[in-house]
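Here you get one chain, nothing else, as structure tokens; it is the form predicted alone.
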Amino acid sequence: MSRPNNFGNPSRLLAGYAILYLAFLYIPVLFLPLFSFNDALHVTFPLKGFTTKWYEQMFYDEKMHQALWNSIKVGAVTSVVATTLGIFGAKAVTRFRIPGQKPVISVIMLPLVIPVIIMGVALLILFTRIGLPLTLFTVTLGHILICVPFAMATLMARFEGFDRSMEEAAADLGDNAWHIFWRVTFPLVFPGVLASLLLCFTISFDEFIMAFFLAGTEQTLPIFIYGQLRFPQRLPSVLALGACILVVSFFVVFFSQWLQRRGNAKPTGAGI
């Protein structure tokens, strides 16, 4: 029996394409940890030798620590607020019939397709017109704006993934709306909530353009790293920090996606 085409085994072609695709995505990123262990100021081949002094230098840079702490604060507040808004929004659009529901969802998701630089300029004009000083607070507001659609998208899948008869059974037993949400709905959607928190924190932590327009004199970590690129002697410690962030971001995103898939794959109480 002949093969369906003349290009050999399709599975091998697909595997080759997958390897090339992954190599295109990740080989440039792998240069970051590679040069962070290079015993030279300049990022060039051949490597001079192995060293960990750039990581030691990174731990004594107080300005870097302050920028890192600023990003952690902004990311934590952003993830909590965006996820809370996402919970209310996702529950509303999945449990109730709202007039013009699809246009409403499209408007909420609009920040996903608007260029961040446009949103940054718009918020900068708005905040300066109303006299709001540019601080980490304004950065947090901007990050919440771009993270809410991601939280909504994550939580809507989870709200639609479990049997609604659980809520109906609790209502038949006389529980009020708050108790039904807190004791039935929230535990069922908790994997999605945790995935949303991690995803929003990662997006906020890595975001640069919005913070560049709205941070004022208080730097977040991406802005600090951008400023250090002008000084070649500081570049190796920035590479060391970037390697650490790369590893942490990978595990955070991987963990959030694992939680989301686990939550969607096992809708609790489906048989009741």
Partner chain sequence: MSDSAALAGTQPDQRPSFGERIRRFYSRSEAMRGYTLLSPTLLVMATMLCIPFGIMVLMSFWTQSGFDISTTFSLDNYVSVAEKPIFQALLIRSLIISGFCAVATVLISYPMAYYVAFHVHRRKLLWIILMTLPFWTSYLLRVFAWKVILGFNGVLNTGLMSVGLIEQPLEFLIYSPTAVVITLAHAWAAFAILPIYVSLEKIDRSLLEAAADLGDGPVRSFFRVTLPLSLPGVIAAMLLIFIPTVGDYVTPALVGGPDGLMMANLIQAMFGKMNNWPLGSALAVSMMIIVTLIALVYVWITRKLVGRIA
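Residue numbers count along the first chain shown, from 1. Computed from a prediction, not measured in an experiment: that's the story for all the values here.
Below, we turn to the form predicted in complex with its partner chain, even though it does not appear here.
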State yes or no: in the model of the complex, is some non-hydrogen atom of F35 no more than 4.5 angstroms from a non-hydrogen atom of its partner chain? yes
Determine whether any heavy atom of G242 comes within 4.5 Å of a heavy atom of its partner chain in the model of the complex, and answer yes or no. yes
Since only the chain is shown here, I'm wondering whether G49 would be in contact with its partner chain in the model of the complex (any heavy atom pair within 4.5 Å). no
How about W54 - does it come within 4.5 Å of its partner chain in the model of the complex, if we only consider non-hydrogen atoms? no
In the model of the complex, does each residue in the set A92, R97 and P111 place a non-hydrogen atom within 4.5 angstroms of its partner chain? yes
Judged by heavy atom distances of 4.5 Å or less, which residues of 105-123 approach its partner chain in the model of the complex? V107, I108, L110, P111, L112, V113, I114, P115, I117, I118, M119, V121, A122, L123
